[in-house]
Structures are given as C-alpha cells and as structure tokens.
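So this one's two forms of a single chain, laid out as structure tokens and tagged structure 1 and structure 2.
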Structure 1
C-alpha cells in the first residue's frame, strides 16, 4: 500500500512539474488541483480513497483520450467545412458523439453482437456471470448482456421514432401557425396549452390504460405529449422570420404558404430546431424508460432497459449491481446527447470562445 501511495504522488507531482516547465497552465492547474484533492482525501480516507481517486482520474483520462481520437477521426473523414466546425468541438461533445455512435452500432448490429437471443433462456435465474454470460442471467435465466444489446435497438429505436413523429407534428403546426396567423394560430396555441397543462407521465399512463400498450400506441401517445413543446419553439422562431423583408417580398411575388415554409422559413430555422431535436429525444427516451419501468411501456419478452431495471431490482438487495447497468446505459445516453446539444446551442447562439 505504501508503494502505491509513493508512486501515485510521484506521478502527480512529476506531471505537474512537466506541465509547469512547458508552460501548460491549464494542464498544470488540473493536475496540481488533483494532487491537493488527493492529499486531503488521503488523510481522511486513507489508501482506499486514493485508489478511488486514481481510478476515477484514469477513467476520465480514458474518456478524454477516446473523445479526442474520435474527434480527429471525424475531422479526417469529413469535408473541409464540416471538419472546420468539428475542430471547435469540445471534448465533451466529441465524447457524446462517440457514445451515440456506439449505441447506434449496438442497435443496428444487435443480432450479430449479442451472443444469445433477447428471449433465449440459457441458464438459471440470477445465475452469476461466467464465460457464457458476461453479466450473468436475469430473473428467468436469460443472458443480461444480450438483452442490454438488444435493448439499445428497442429502447433507443422506439424513442427515436416517437421523437421524429413529435417533431413532424409540432414543426408543421408551428410553421403553418406562424405563416397563417389569425384563428388558426390561436386554435393551435390553445390546443398546445391544454396538452402541456397535463403532467406528461399522468397523461401517458391514462392514454396507455385506455388504448393499450402496443408499440404504435406508445409512439403516438408520446408524440402527442411532446409535440406542443416543438410547436412552441417552432412558432417562436418562425414568428421572428415571417416579419422580415424577404418574406414580405416573397408574398408580393405571389408565393404560396408551402413555398414560404419550404424555401424561406425552414432553412433559417434549421439550427435551433436541430438542437431542440436532441433535447426532445432525451425527454422522450426518459419517458419511455419510465413507462417501461412501471410496466406500461415495451412489453416482455422484448428487451427494454426500463423494464430490465424493474425485473432485476431484487439483486440490489444482495449487493449485485447488475440492475444498475441498464440504468447506467439510460443515463449515459442522456448525458451524451446533452453534451452534443450544448455544443450545437453554443454554435447557433453566436457566442465565441474566450
């Protein structure tokens, strides 16, 4: 243990000195701050606390290195204009893109990546991990690792479809409301107010209890719940565009509403709408996971991360963290999407790095 402590502090102090010598101020502040935090935690928690700090710092360094390498890879394969934008992306955004890419690969190629079928029973209930089952078995003896891989396809895919439908409904309604105005704008606004006044979870539980828990019902219900949010943003953005001179010129030329939307308004509103799409996906994804946890989302035997947390929650009482793995998968994707959205919002805001 004393050898670990000596090597740990030697590495930190040596790295701090190198950063100071080469005048890397930000790197020096980061490493030396870690040294001071480690010193305090070492006094309070002993070697165990130091090992935890070292492991956490190592994981963060690994994530940063992965994000940097993935960003450079995207720069190399991108066109010049896109590559220039990617060079300004922070490591958090690059890490988010890497996580999204990983989830997409897992979802698309799930049948080839997963060693077993999502509903295939291959062992005993709650069987511990072994060479055949990397994460052990669930309450029915199904491979947890395979079900998590298939869950990427089912959970994320369903959330993506629902988000696309919500965005289509909300965007079209918002654009036509901004162009037409008058009674149509007022009616759509009041409908959005009514839907938004009901809590999302209560509204979803009520609708699914009435119409059933089929996948098409879930998609439509979730899309109806979140389309008013998209409508509000689209109406606000388009409302600022329709009063501009080039819109008035197009109207004087006799252009129809669909032309104004397609050629004049939508190209100027694309950036904030794309950023909003990422945020809406997070909300939809978390709502569907919550419904599955409550038993009204994706139904067994289809693999779904929300239902997997509920089905295996008993293991937590025995000190097994297996149920936290699908919960962690949900949290990781949500954080990753927010990292990318934050960067996109920063780009579209017109702010500059200092």
Structure 2
C-alpha cells in the first residue's frame, strides 16, 4: 500500500474525528461518508481514483478559500449597507462573483493579458503545450491561451449586448403592458406567446438561415427570441405592483403612465429584474455558444469559445482535453452567474415571506 493511500485515509479519519469532537454534525457526516465511499472507490478504481478524489477535494477547498477571501475583500471595500448584504452571501455566490470579476478583467484587458495576437499563427497545428504556448496551438497553429482570453471579450461581449437589447425591449413592453392594460396588454401577451411557442434554438436557426450570420443579425435575432421571457417576468412583477393601492392613488391623482413606471413601479421591481438579467444572460450566452458550436455564430478568425470547441473537436478522440477548455470556460461563467442569481433570488423571496 502506497504512502499516499495511508495519508489519504489518515487525513479523512482524523478530520472526521475532529468534526465529531467539536460536534459539527453535518461536517462529520460529510467527511465520514466520503471515507466510506473512498473504501469502495479505492477497491474499484485503485490509487488513481483516490488521487482523483483528493485532487477534486483540493480544488474544491481552493475554490472555497478563494471565495471566502474574495467575499471578505468585497465586504471591506464596499459601503456599510452593501457590506451587510454581502455578509449573507453563501460561498457559492462569492465564488460566482469572483469568477465574473476575473472574466471581466480578462475581457477588458485582453490585448494586454494575451501573450499573442487573436489570429496570429505562431506554431504548427495542434502543437502541444510548451512555455510559449501555455495551452498549445489550435487547428491552425494559433495560441490557444491567447484565443481563450480574447474569447472572453468576444463571446461574453456579444452575449451581453444581446441580453441588454432583449432586456430593454422586454422590460419596456412589460411595464407599459402592465400600466396600460387593455388591448395593448393583450396584443403584447399574444405576440410573446407566439414567439415563445417556437423553441429558441430552432427559431434562431430559422432566422440565421434567412438573414445570414452577421454579428448584428445574431444580436437582434437572439434579443427578439429572449425578450418575451423578460416581458412575461416584468409583466408579472409589475402586474403585482400595479394592483397596489399606491398605484391606484397615483392614477386617481391624474399621473401619466411614464411617471407611474419611473417613480412608482421601477423602484419596487429592481431586485427581481436584476436577478432576471443574470438568468437571461445565461440563456443568451448558452444559445450563442450553441450557435457558434454549430458554426452559425461568430465567424472565424474572431476568437470565440463556441467555435473553438467545434474547431478542435477532433482532438477529443485522441483523449486530449483541449476542446474542453473553451467549453469549460463557457460552463464556468454560466455556473458563476447562476450561483449569484440563486443567492439573489433567495434574498428576494426570503424578504417576501416576512
């Protein structure tokens, strides 16, 4: 039996004993059940499986540590009101914020961070990683790492613009529908129903086949596809506010629709709308990534994570993880946003119960 295995079990059992001693019931249950699972894993998968478990646990611990430190950092630099909110953030949300922060830095400062140009060919096709090219080269010999960095700017940027457009259209339509009611509300509702009754990817494919795959086409098409979702949510949120007596009082005072929206409804709808923006971004981002993966999104040579997966897909059959890296980059950002949104939704729903 290798020293690793001995150390592995010693650490686990030691940790569970400590947890039991300090009466941390859930921690104990977690660690000890991991110990039991490890016995089985060790028998089936051998030392390799245990190393994998140890590695994942290490990564998780690292992520948790980063998240904890980042949360403290945010609490320190923000105003007391915001700091109080941040203190309630679970580690997952803090981790999400950290990832979003990192991506933002990478996207904004891409030309300074990336060691090579976006479309610069500097090696042979599929060249393995070395000191110059951290992640190796892609199918044309361009630096994979640099392209990932640029991808943060292109893929995320495009998704962000599309989301903003969808959001603008959706919230405006939703707010006016809620305030005006009547036929305007009916018509908007039916239009949203029709658009939402076609699956989003299919709708996007239909439109792209007709209008081609220009960037502006993608932005507009994706915005049109997802604005009904925003519309419905805004309509529902605003609908709950519109029935309140303070709106009735303002209406009876003779206030105009725009005043009602701006001063009376919007201040009460911000929390759910921000959360919805995060969710919406995830949907848009995944849709655009899917389109790119199908070769119908952002066109080469622009670096884009979805297309990078597609271009390097053949490597997977050699057991190489390169195509998984841009795919993982997509997943990580969406997970991060979802973690933050999850916390925000919990906050807003928690407040509602009181």
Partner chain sequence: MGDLSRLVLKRLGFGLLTILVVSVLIFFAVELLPGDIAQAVLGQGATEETVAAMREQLGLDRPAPVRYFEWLFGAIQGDFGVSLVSGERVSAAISGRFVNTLFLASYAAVIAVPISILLGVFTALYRNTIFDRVANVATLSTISSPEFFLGYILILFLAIRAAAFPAISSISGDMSLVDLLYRTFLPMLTLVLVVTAHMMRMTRAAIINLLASPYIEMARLKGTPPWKVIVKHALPNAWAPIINVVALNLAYLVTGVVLVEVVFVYPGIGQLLVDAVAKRDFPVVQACCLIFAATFILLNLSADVGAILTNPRLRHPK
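Between two forms, the rigid core is the largest collection of C-alphas that superpose within 1.5 Å. Everything quoted here is computed from the prediction, not taken from an experiment. Numbering follows the first chain given and starts at 1.
- The form predicted alone is represented by structure 1; structure 2 is the other form.
- Two rigid parts account for the change between structures 1 and 2, and C-alpha superpositions put the rotation of the smaller relative to the larger at 8 degrees.
- Taking the core as reference, the C-alpha deviation of residue 8 between structures 1 and 2 is 2.4 Å.
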